[in-house]
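Listed next as structure tokens is one chain, alone, in the form predicted alone.
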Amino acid sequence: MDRPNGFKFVGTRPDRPDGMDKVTGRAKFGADATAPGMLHAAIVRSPHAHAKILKIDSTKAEAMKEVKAVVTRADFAEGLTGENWNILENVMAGDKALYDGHAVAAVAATTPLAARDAAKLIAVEYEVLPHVTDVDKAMAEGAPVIREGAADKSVPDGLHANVVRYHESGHGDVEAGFAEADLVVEESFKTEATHQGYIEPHACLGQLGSDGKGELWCCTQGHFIVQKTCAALIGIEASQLRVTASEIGGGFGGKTTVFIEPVALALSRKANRPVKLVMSRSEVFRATGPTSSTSMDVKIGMTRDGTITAGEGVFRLQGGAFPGAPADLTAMCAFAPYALKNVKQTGYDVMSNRPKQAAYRAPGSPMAAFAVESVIDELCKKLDLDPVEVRLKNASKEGTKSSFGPRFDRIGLVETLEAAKAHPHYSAPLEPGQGRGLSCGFWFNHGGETSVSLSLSEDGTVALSVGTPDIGGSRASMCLMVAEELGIPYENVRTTIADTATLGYNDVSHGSRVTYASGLAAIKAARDVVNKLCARAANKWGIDKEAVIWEDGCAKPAGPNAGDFEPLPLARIARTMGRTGGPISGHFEATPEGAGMSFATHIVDAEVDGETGQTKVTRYTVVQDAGKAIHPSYVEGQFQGGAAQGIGWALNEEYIYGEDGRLQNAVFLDYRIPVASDLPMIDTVIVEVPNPGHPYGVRGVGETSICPPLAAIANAVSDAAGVRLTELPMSPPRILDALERQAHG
């Protein structure tokens, strides 16, 4: 490590730089954007799960004096292929509406009310087609085909046309492994789709002139991908569209793509005026990406001493009416925590008449953990083994060949298990009617294209420009790392999210990549500045640059042989930089590939009312390897946020589709996310096993925290209820049904 003796700023808990703006209401979110002459937009959405679009008649809407533009699929680019075609087809339907809520037309008018009234006047003639919303039914013989020819070359012959991608990985001989086991448990599991539940709906303001030059303001996790995608969908050059990211009121992966931004731009081009488009809550639920629903089969063999001899899993995920369900990630994450000689995992990406799925915090991994960790829990119960000891016995370590192929570098799973075992929660007595559950979870983490720029001001303060929207406290972390490198106070560094015309391309804020990748880039840019500061000092002193070192915010002679000069603080060098060579800036651009993989262990206590099926989580502890916690308060918040969302996913949240294929619970009154009274105090333990791929040892923490909760809660609820729960959410009716089935054998 570059800092073997610790840090001065990193690891402290300073005030968050965006705190004042957010508590005073000064922060500007997507729906806060305005422009002179601005129009308001509304979208016409299909009321059918699957239907041919025979005719769209907008004459009555266009007759309204307030209406300035109407767009349909004909107003977007033609000839797109691959994912750009899929995104366009989702943004605005072509020949068919593929799910309830699919956009088919849009209108811009002088007021929001006029736009909504005009949308009601656009007449759409449909031919209703058979639909399917369940992943198993979508794979069955005779199921309606969503789109012929959508499958890629990975799909074996003989599968239904709705199966569009296939994944298989593993090693060893699973049948031989099962034969060695003293006990084999095989179980099937299902999880329903859940939404990320961000409180801020999608919103944007687009302005596009007839000259092909445009501006876009939007809430997004990645404005560079918005620029690239929107430019392709509306048929302009990417450099002609400048995109600025607003503050973001939650994303969790759900704001990593576009849904409404190209529509606002297309309307603006037609009306020659800025167009603002804000989704309603029901539109967010019906037409933006939830996570996939799943159907899974898991089989695991174990000896009496707790050695796992083999593991096999089949994971079927529906990603809506388009390819993209993370079946491969689900399969690869399933057995990743364990060093197995014999393992096989298979994943199916299946299309159905639902909205195009989007990422939700470690996409695919929570469902895999639910299935695998439930079976391991069942094996431990039947063999009377301690669940922590079994996991420690089989845990992946540095050098372990992962279930999906590569060998692990330095990882911290064992350390999280040991910390969980030592935590008072694990040995605390349970009240009558309570149960305890444990689970491990895994996420890959990601690097991605990254560019930053750092510049000094003459007063000695520093401006850092990054291209990754702050969705989890990254501005504070960037300031801390730059302050650490330059040796100046945290308060003297300001981090700004630059727009697409100001900085080189940056990948989306996803994959737990920002503190790792943008942080690494910020450190490298700061070191670039340090080199230049040392060169200025060397020039002033008349010595070689190599004879100058940087310590505690000052240039100093490297030793007695370099000369006897007083240290030169950064502020003094900056004050004279105009006379000693000009501005001092640091830059770094790269695609870092050393993102360290991440593991967590969660402990949960829950109680179940056997008469009503009501469930309550009474205690929760998160233990996770952060590599190095740059700002521990933010890290703890990420841990707690993943647990809170996992509680909702495990107990309450689900998409409910009727027989007609329409979403039945498209508002928060009916789609119930946890509120404060639903949650226990969530304890956190930060484990720090440094990631060798980062100068400070950072691992991403934003996603791993949602991987164990589903399984840990299910194990706790199953323990409390005395019956294994295999379907999420574990709502009171499902718990009562499981108890009744157990009572009747």
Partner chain sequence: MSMVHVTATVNDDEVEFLCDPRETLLDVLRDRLGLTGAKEGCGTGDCGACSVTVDGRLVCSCLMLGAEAEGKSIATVEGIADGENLHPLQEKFIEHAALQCGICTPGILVATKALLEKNPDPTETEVRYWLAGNLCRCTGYDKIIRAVMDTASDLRKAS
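All values derive from a computational prediction rather than experimental measurement. Residue numbers count along the first chain shown, from 1.
Absent from the display: the form predicted in complex with its partner chain. The rest refers to it.
Asks: By the heavy atom within 4.5 Å rule, which residue out of P274, P469, G214, G472 makes contact with its partner chain in the predicted bound form?
Replies: By the 4.5 Å criterion, the partner-contacting residue is G472.
Asks: Have a look at P144, P674, P557, G613 for me and say which one sits with a heavy atom within 4.5 Å of its partner chain in the predicted bound form.
Replies: Checking each option against its partner chain in the predicted bound form, the one that comes within 4.5 Å is P674.
Asks: Within 4.5 Å of its partner chain in the predicted bound form, counting heavy atoms only, one of 188-196, 263-271, 229-237, 516-524 shows up; tell me which.
Replies: Looking at the other structure, the answer is 188-196.
Asks: Is A245 part of the interface with its partner chain in the predicted bound form - any heavy atom within 4.5 Å?
Replies: No, A245 is distant from the partner.
Asks: Verify the contact flag for V44: yes if a non-hydrogen atom of it lies within 4.5 Å of a non-hydrogen atom of its partner chain in the predicted bound form, no if not.
Replies: Close contact is absent here: in the predicted bound form, V44 is far from its partner chain, nothing within 4.5 Å, heavy atoms only.
Asks: Taking the shortest heavy atom distance, is W85 within 4.5 Å of its partner chain in the predicted bound form?
Replies: No, W85 is distant from the partner.
Asks: I'd like to check something about L54: if you look in the predicted bound form, is any of its heavy atoms closer than or equal to 4.5 Å to a heavy atom of its partner chain?
Replies: It does not: once its partner chain is placed as it appears in the predicted bound form, L54 has no heavy atom within 4.5 Å of it.
Asks: Any residue of 678-694 with a heavy atom within 4.5 Å of its partner chain in the predicted bound form counts; write them all down in order.
Replies: Read in sequence order, the residues that approach its partner chain (within 4.5 Å, in the predicted bound form) are L679, P680, M681, I682.
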